[in-house]
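We begin with a single chain expressed as structure tokens, specifically the form predicted on its own.
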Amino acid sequence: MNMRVIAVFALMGILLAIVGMVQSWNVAFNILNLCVISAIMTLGVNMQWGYAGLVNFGVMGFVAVGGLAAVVIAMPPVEAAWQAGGGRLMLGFGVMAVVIAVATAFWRMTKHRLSRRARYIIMAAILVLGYGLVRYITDAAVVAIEAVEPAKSGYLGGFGLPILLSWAVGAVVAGIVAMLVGRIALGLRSDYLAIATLGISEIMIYILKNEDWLARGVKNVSGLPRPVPYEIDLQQKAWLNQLAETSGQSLANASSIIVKLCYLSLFVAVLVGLFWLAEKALRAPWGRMMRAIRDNEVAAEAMGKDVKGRHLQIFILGSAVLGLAGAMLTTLDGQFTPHSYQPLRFTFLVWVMVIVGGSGNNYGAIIGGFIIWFFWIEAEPIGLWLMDALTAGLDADSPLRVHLLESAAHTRLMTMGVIMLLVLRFSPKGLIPEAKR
């Protein structure tokens, strides 16, 4: 670790400490938790882009899949919904799996036996008939499930298991989805791959918003179980009452800080583990092979490397990390809100984190996640303070002062642009560039 890495991380620590002293430590630890989750997302994208040169604009789709895993694993099952249509819905999924298996087997077995035109016609017929049969079975089940107390449930619920298990499940499911997406899209050129992954991400989130039986759609799922204590339970503890009295904090504030520290310990443990694994992989022969493929695919293929296979591998690994981050974010929020996954907004925010931090460098990915999310949150209060200072000499009801104060909330995007321009001007390869090995 060189002095530049130490200096950048120390500066980030100073900024968080200033927020703690000026605003509150509650706010500072909340920002820090979100920074850690952002850093994990950035590590996932950095694996795909920094290691292998893959442009994945479907970030939010895989994050949403991870969030869905938290609901499916941790929420209790809705017994009435299962009785109303759960069995029939599972039957529909079974039929869908059979249709896909039959279509796949037909396509493989008739490769050299039928003409191309005949294969396409029969394949289309199998898929259309299969789709019609699946819809016939599942439509009535979906209507019955969504009619079960729609104001409170209206979905199947989950398995009622510990929510920490959903972090691993979110990573696995996101990896499986990435495998399916990668087999379709990874043969495309980089610009088409970016468009395809963005479109697929929009489709994923559209499904989550509209399939109420799955996770209540835009009505959201709230009240997810926690892996840490509840504030109200902590406030009953004698040691916390004594600590709050000694430190001069209110009991509510002290309990909230303790909860955020508990979350932070879990998140940091995951981040450190992922960072260690990512560094090991990057320094291993596998990492050198991935960088060789990134720098010159033709030369790597000429040396006998399976470029498409390695691209699919790194696409799955990076997407699994994004799914893990999505499950962690839903756990922290305590609710699953599909409408908050905005691909055209947050996907590019994660990419800014990678660019600002330094693609190809895991330290850069982490610090990029910290810095960009910090200023994404703090841009509004900083902008409000700045506008207030600049217009201090004007009357309180001055149209210019009122307009500037009201516009402070919109300085967030301008701040992101300024940070990115400054970094690209003075450190084009990011704050912590990729090390030459």
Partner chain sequence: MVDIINALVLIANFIVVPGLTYGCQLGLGALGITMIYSVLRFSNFAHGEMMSFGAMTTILMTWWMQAQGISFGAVPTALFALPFGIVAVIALTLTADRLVFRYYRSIKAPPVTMLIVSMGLMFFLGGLIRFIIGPDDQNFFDGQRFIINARQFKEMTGLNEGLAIKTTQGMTLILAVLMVGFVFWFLRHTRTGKSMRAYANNEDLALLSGINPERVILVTWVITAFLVTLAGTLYGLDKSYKPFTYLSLLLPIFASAIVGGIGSPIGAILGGFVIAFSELTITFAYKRVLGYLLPQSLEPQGLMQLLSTDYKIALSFLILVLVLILKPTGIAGGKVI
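Note that the rigid core is defined as the largest set of C-alphas that superpose within 1.5 Å between two forms. Numbering follows the first chain given and starts at 1. Source: prediction; values computed, not measured.
Same protein, other form: the form predicted together with its partner chain, not shown, and the subject of what follows.
Only one of the listed residues (Ile207, Ala80, Leu114, Met96) places a non-hydrogen atom within 4.5 angstroms of its partner chain in the model of the complex, and that residue is Ile207. Interface residue among Phe267, Tyr155, Tyr363, Trp351, judged by heavy atoms within 4.5 Å of its partner chain in the model of the complex: Trp351.
At a distance threshold of 4.5 angstroms between non-hydrogen atoms, Arg189 is in contact with its partner chain in the model of the complex. A residue is said to contact a partner when one of its heavy atoms sits within 4.5 Å of a partner heavy atom; Ala10 fails this definition for its partner chain in the model of the complex, lying far away. With a 4.5 Å cutoff on heavy atoms, Ile203 counts as touching its partner chain in the model of the complex.
Contact annotation for Ala125: none of its heavy atoms lies within 4.5 Å of its partner chain in the model of the complex. Only one of 83-91, 351-359, 167-175, 96-104 lies within 4.5 Å of its partner chain in the model of the complex by heavy atoms, and it is 351-359.
With a cut-off of 2 Å and the rigid core superposed, Phe159 has a Cα displacement that falls short of the cut-off between this form and the one not shown. After superposing the rigid core, the C-alpha of Arg345 moves by 2 Å or more between this form and the one not shown.
The rigid-core alignment places the CA of Ile18 less than 2 Å apart between this form and the one not shown.
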